[in-house]
Structures are given as structure tokens and as C-alpha cells.
Ligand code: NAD
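Shown here is one chain on its own, the form predicted on its own, set out as C-alpha cells.
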Amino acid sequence: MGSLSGEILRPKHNLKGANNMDLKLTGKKAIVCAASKGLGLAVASELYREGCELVICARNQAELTHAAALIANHAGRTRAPHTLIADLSSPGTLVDFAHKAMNLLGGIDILVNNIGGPPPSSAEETTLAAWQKGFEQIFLSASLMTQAVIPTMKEQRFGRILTITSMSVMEPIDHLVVSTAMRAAVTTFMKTLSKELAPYGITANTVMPGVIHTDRIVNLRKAKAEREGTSLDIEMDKTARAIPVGRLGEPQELADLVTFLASPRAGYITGANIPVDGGMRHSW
């Protein structure tokens, strides 16, 4: 299936006469968490292409530097976005990172909460340590980052808070109990927050990826193949056939939605929990 880092960024096209929608994102200040690969990289790339000023973070500087170069190339911009090292699973560093990022940008208009999931485990076998780590990695990372940017957004009476969760919030996935429980908690936090912040021109929405072709999905299918004695190819094929559109989603497809929700044009959408799943869910 090839290298994911090179496939998630759609080439820039300049189509003469195209009636493109102006999302009015030029100059908007954005933070995208965990943006060195996967969904975070796709979202950051699209925001940068739309003209945002950007800070991205990850734990590895080499991966961040490479991602920043990809993002600049995707956007056709000579200057790469700002990068900061941050461990989003460490609550003690989150607020410090948020303030450093806002200082680099000179403010904040858009926050995209995004973080990888914890290792697979069943409800019966999950340890106390795993629960605690999952709470810090998923719930605290989103809630503390969000709380850090709210005062600035309220003062300027504009803000967009986007949180990438998972379709497991609506339909739990076997052996992902920590991720499912914590992302459900994040979802209710964001829903509550959306009502509190609406009078200030701030929206808060969550986006639920289904099966999107990222390293995370590949690793989960590898783990399933090992449990069931099959192969990665078999599990990936089974996954694709279970999706009504007949394929895995691409990171760019989720990034397009997040970018719209981050724009001033989406000011009447808040408190929403939006699936990007190719029709895979069984519920409404």
C-alpha cells in the first residue's frame, strides 16, 4: 500500500476559472496537535494551504521537520510552519506548550485536538495503569489544551475548536476499550463546552473518523491478524469489504471537513459530532 506520508497530501491544483469557495482562513492562527503524520498531518497541510499561520507539534523533532517541509510544499509556500516538541500524554507540559504556541502565532483562532490511541485491550483485561495513561493521553490532552486557548478566543469573540475522536464513540470496537471510553468522555466535554462558548462566537465540534488509511489502522489490523492467525492483507481486505463505499477513507477526506469546520463559514455549526466513515456505522 506504499508510504502513507507521501499519499496523504493531495497535490495542489491551480484551475483557471474554477469557482473555489473562499474559506476566509488567510491569516487565521491555528494549532494542530500530533501533526507529524496521519490525520494530523493531513489537517495541518490543508489549513496551511488555505492560508493559516500554523504551529504543529509531535514528540520527535526529525519527524516534525520532515512534516513541516511536506506541509509547506503541499501549500506552495516557501516558509514552513512553526514546530514545537510536545508530549501530549504528559499533562504537566500541555499548558506550557499551548502558551508557547500562542506566543509564536501572536494569538489563536483554531485549535485541532488530535492524538493517537492507546494500545488495544479488552474491558476485562485493562489494568489500572492503562486506564490512567489513557485518561491522560486522550481526555486530559484535549481538555487542558482547550481550556488554555479559551480566554484568548473569548476576548476576541471568535474561535474554532475541533477534536478528532473515533467512530468507536458511536459503535464500540472490540479490544479498544480505553480509547473508546476516553474519546466518549471527550465528546461529552466538547458538547457541554459548545453551549458555554456559543455566545462568544466560538464553536466546538468533534469529528469521528471511521477506517482511514493511516499507520494506526495498519497496526490495529496487524494486531488482529496475530490474534486470529490470519494476515495483514486478509484483515485489510475484510475491513474494506465491510465499508459500504468499498474502501478505506483517505486522510485528505477528513482534512477537508475539518478545514471547513475551522473556517468562519462554519459559524452556525457547533456541538456537532460528525462521522467520516464511508457509511459504515449502523446507527443514525
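Note that the structure is a prediction, hence the values are computed from the model and not measured. Residue numbers here begin at 1 and follow the sequence given.
Below: the form predicted in complex with this ligand, not depicted.
Put simply, of Leu193, Val149, Ile212, Val177 only one has a heavy atom within 4.5 Å of this ligand in the predicted bound form, and it is Ile212.
Between this ligand and the residues Met236, Val55, Ala58, Ala68, the one pair within 4.5 Å by heavy atoms in the predicted bound form involves Ala58.
Stretch 32-40 is the contacting one of 236-244, 255-263, 32-40, 47-55, since its residues have non-hydrogen atoms within 4.5 Å of this ligand in the predicted bound form. At a distance threshold of 4.5 angstroms between non-hydrogen atoms, Ile217 is in contact with this ligand in the predicted bound form. Although the partner is absent here, Thr93 lies well away from this ligand in the predicted bound form, with no heavy atom inside 4.5 Å. This ligand is not shown here, and in the predicted bound form it never comes within 4.5 Å of any heavy atom of Thr203. Proximity of Arg183 to this ligand in the predicted bound form: non-hydrogen atoms within 4.5 Å are present. Residues are counted as partner-facing when one of their heavy atoms sits within 4.5 Å of this ligand in the predicted bound form; in 100-120 these are Asn114, Ile115, Gly116, Gly117, in sequence order.
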